[in-house]
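Next up: just one chain, as structure tokens, the form predicted on its own.
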Amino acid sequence: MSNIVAIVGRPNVGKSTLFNRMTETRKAIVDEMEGVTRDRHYGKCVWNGIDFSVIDTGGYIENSEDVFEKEISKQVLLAIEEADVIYFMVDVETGITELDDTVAALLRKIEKPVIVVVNKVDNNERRNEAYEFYSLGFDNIFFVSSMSGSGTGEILDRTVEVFNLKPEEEEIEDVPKFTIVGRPNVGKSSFLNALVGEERNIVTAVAGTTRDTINTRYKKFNKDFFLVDTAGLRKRSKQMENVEFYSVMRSIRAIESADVCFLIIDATLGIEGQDLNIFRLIQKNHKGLVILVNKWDLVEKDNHTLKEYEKAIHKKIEPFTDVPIMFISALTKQRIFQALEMGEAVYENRRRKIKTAELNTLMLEAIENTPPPSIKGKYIKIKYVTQLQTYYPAFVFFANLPQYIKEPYKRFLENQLRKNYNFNGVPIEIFIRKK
């Protein structure tokens, strides 16, 4: 399972620039406007063949310094709890500030690797000035310029070394892992409890490979899989005001360990921004997905309610709409066992492999009937397609001019695959390569 690196520190020291460089994105990660989507603070990094997640904990605090310190401390504490490695970012131009001292005091108390990243060190004079940061009391200190990328390779080398020093986690038996995710108070615990019931002899508690998740072996009605419960999030959220940030941190851990995710939403509230953040995390990680609309028994209904609700969800999750949506009640146990059957179906869809000859016969005919649009008089020809041997459905199409095939046509190719093969609930990756 992927490790997590959290970048912490006060604003304007270059955290988002380093984040962009590590994740190879060009997004404006930090926005001072309140309510910025937390999904933008999460990305993937690959270094020397090892992939890990990166969290940018950029603060969005205004007004008094007291509020500033309170919020900074809160974000750092959340990052400390969830991350495997902490990047403590500081700025050589301003030197050590009181806020830096506050963060350093928190980090010195933990037993996790802390790497101090001194930013904006782009000449020898600043390098000499940067040595003052050794007074913060940390061994791992690196001088970088996140703008130019100078020094970032050394940090990543050290990070990968730290990952390799971690004790290996015990592997859980190779059976499907269904993870229950969602915002606080949507009914995650109730759903699990309704499934497990009182017949404790049919379940076995297994130590989790991630902190604060509960892996329950479910063996009943000829079914065998793990249910991974992230309900610890509910209790914690009452103590933390910054629920959305905390939810994303926890969800990353839970999602990365899953084969299929049950995303539970509250029928009385509808699908909201935080639900969509978790939805996109599932999609980014290529996990199977079933959306469960819980508390359906509390909704006043007529003949059109269900279809209108489905339509509203599809509108918000576009363009990935080939997702099963089930309306359940954990309280009355309405459709909860059908939800498990749907999870098993999605699990099989995610493992689906298509023979190359069959794939080419089908897809090349569809491409011939609807070819890629020509660009500047150049005729684009796709000559071959094959499925990659990945743990999720991924297909590579070989073309003479791959650079001219844009997202709309890639969506056409994906839709053709979905039309002919059952990939319901599973994100598909389409790659275009030079033939």
Ligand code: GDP
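Note that residue numbering follows the sequence shown and begins at 1. This is a predicted model, so every value here is computed, not measured.
There is another form of this protein, the form predicted in complex with guanosine-5'-diphosphate, and it is not shown here; the text below is about that form.
Enquirer: Give a yes or no for Ala330: in the predicted bound form, does one of its heavy atoms lie within 4.5 Å of a heavy atom belonging to guanosine-5'-diphosphate?
Expert: Yes.
Enquirer: State yes or no: in the predicted bound form, is some non-hydrogen atom of Gly187 no more than 4.5 angstroms from a non-hydrogen atom of guanosine-5'-diphosphate?
Expert: Contact with guanosine-5'-diphosphate, yes.
Enquirer: Can you check whether Glu93 is within 4.5 Å of guanosine-5'-diphosphate in the predicted bound form, heavy atom basis?
Expert: Close contact exists here: in the predicted bound form, Glu93 approaches guanosine-5'-diphosphate to within 4.5 Å, heavy atoms only.
Enquirer: Can any non-hydrogen atom of Pro427 be found within 4.5 angstroms of guanosine-5'-diphosphate in the predicted bound form?
Expert: Although guanosine-5'-diphosphate is absent here, Pro427 would stay clear of it in the predicted bound form, with no heavy atoms inside 4.5 Å.
Enquirer: Using a 4.5 Å heavy atom cut-off, which stretch among 106-114, 296-304, 278-286, 254-262 contacts guanosine-5'-diphosphate in the predicted bound form?
Expert: Contact criterion met by 296-304 only.
Enquirer: Taking Thr17, Lys120 and Arg126 as a possible spot, do all three reach guanosine-5'-diphosphate in the predicted bound form with a heavy atom inside 4.5 Å?
Expert: So, yes: the whole triplet contacts guanosine-5'-diphosphate.
Enquirer: Using a 4.5 Å cut-off on any heavy atom, which residues of 128-150 would contact guanosine-5'-diphosphate in the predicted bound form?
Expert: Ser145, Ser146, Met147 sit within 4.5 Å of the partner.
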